[in-house]
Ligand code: C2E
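In the block that follows, a single chain appears as structure tokens, in the form predicted alone.
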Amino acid sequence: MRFGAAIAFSILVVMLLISVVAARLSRKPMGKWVAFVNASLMIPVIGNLIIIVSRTQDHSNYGYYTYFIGMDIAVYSLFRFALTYCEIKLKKAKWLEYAAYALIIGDILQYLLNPVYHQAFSTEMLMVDAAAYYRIIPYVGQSFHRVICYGLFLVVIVIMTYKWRKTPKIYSEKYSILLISLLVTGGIETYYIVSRTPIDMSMMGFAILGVLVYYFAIVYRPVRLLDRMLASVVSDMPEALFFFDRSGECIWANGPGCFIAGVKEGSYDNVKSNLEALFGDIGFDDPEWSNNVEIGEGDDTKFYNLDTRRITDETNNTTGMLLNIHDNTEYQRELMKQMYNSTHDALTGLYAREYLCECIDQRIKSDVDSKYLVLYVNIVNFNIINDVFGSKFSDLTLKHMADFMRTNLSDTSIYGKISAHTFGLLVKKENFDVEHIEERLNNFTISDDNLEHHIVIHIGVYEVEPDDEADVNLMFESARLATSRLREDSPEHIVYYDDMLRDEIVYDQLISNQLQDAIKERQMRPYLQPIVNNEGTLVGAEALVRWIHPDDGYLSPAAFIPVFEKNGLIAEVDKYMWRCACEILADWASRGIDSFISINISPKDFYFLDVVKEIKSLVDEFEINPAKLRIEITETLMMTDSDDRLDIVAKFRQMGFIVEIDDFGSGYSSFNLLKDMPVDVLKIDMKFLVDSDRNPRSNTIIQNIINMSEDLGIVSLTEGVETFEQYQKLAGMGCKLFQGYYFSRPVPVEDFEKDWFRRRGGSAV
């Protein structure tokens, strides 16, 4: 008996040790408490093992001390485990935990004093299996020990019972088994004490309890709970689910599945045939099959996603199949809506630019035998239409334009909206009736209630050549460039992009690419045209840019200025000319030459530069008098954003610059603008001089402009003077300053200084 008990206890110690190690290796929060419980339970089991194998009283006493102190630690560990495992918070009864801890410490201390005072226990010898066995004789201290251990053990049972009662039945399995283990172990321990049986077999119950604690706290998965939860989840899923056995017969379907298959729950005989009639062939023989199915037409179309999955047992043998049918209709409709919105214009319903280009590119590449035209359609002055008639009318205009294309274009055409008020089209050349479209555009009128307005439409046409590899966006840009040839009042509405325009574009790109080198290498040069007074004496000059090209020689300003004004590079040219003018003025100042230079400011400069800051920094850099660098601004520039331009003019004048208005009289609001314009010099447009030779009324206008400028304290300067008669007549009218070919063409700086300064004795009076 003793040998068998020793073997059993040894096995239990090993089991508890394995549980301790496994619990510590576990990442679960309960791992440390489970390890604590099993390590604590090892101590009394080892104590009983010592008692069983001992042959002397001293050895037996060591075993009893280990046993009783180990029980103190074990019941305390069970108490702490129960609080944590059962999620019991002792916020208002924290004293209970402290009390338990204090009693356990007190009991351990009184055992440590037992060898001296013998108040806890002693042992007596009896024969068990023909060998001496020392049984305990309990005293008062031992009774104190039993009260503490039973008390804490009972608290653990109460905690487990409370948790078991409060927990839903589906979760109560683990608590009920641990509770039963506690009760059985406590019963065996009680029987051992009462019967005074030599060997305490309740230790086996405590060891098994430790293993159960490890299992339920670390390993256990609530199978029944999972089964019920999975069954509930599967039944409530919106997807239709079907389970088929190995023979392909349906054995279960959830509610949505029964609805799709048209059967009642529990009646699954016709499920397979009904599904095949509805969806076609289903991959019952394919372990991993998937398919997307559309049922119905138009707005009533339904979209389904079908998946099959093989179900296997633990040996990977097929036990059946799961069919999942997901109603994907709402998702597909939302996806199609998003795709439509991303590829179509919201207002007109036409293709958006990116999608339009993609469709045109695909058509051109796939239909190489047809000849196509790419059209750029522009609603002229659309912004004015919006400002004058309002956004409602402008939206109506865009919709009307879209309807016009739908009505007048063939089914093979592709069209869409490429910007706020422009459209792009691809039409077959054979289907494009120019005369018919021109006739329709002549009477393109938009009506809204009592409001009616004629809309001007310009169409640029790019002919797609065979094997044309140009990007569609480039084709649209080429067609757009073609429309630049049309004026608003042009009788034609359609213009073709041709070789001449292509050559112009190539030329524009070529000289644009050469600009930076031209500036760096000073191929761009300032030419000076003299400005004289009414006595013919030089007073200053206007700086004009000329390009001495290394290959093409002298380039007329008309060959490059319009190009740079169109692409914005004129700002680079002007900035360079401003610097050149400052360099010349600084050189003149060092030589004692007192004369001014007028520099031109292009309208585009204000978009790309801080003009005031740039010119002020140049004046500071070269340390020249601002009055010697005159600022020349066109009348057209002043009429655009006039408030801002007037502020700029005022800033220049405040800094000491003299401001000139060029081409005065070319605009419709010249006199109206003049009353608000703080300028110093008025340059009269040379067109008046041309007309004055044929029309006496022009002379009257010129005379009045000169008189008015004099009354306003503004110096008048007439440009374009080509004959002595013109000079004499203008001087007689009271004009102060003159400029034109009669005096000199624009010439290089060296020639200007040679012809004028030396002629005047080195200075201008």
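In case it trips you up, residue 1 is the first one in the sequence shown, and so on. Note that this is a predicted model, so its numbers are computed, not measured.
Here the subject shifts to the form predicted together with the ligand, a form of this protein not shown in this document.
Interface residue among Ile570, Cys250, Ala74, Leu182, judged by heavy atoms within 4.5 Å of the ligand in the model of the complex: Ile570. Proximity to the ligand in the model of the complex, defined as a heavy atom within 4.5 Å, holds among Asp508, Glu632, Glu189, Asp680 only for Glu632. Segments offered: 714-722, 44-52, 63-71, 730-738. Contacting the ligand in the model of the complex at heavy atom distances within 4.5 Å is 714-722. Shown alone here, Glu542 lies within 4.5 Å of the ligand in the model of the complex, counting heavy atoms only.
Taking the partner from the other structure, the ligand in the model of the complex has a heavy atom within 4.5 Å of a heavy atom of Gln529.
Contact between Asn600 and the ligand in the model of the complex is found at the 4.5 Å heavy atom cutoff. The shortest heavy atom separation between Arg579 and the ligand in the model of the complex exceeds 4.5 Å.
If you check the ligand in the model of the complex, you find a heavy atom from every one of Arg546, Ile561 and Asp662 within 4.5 Å.
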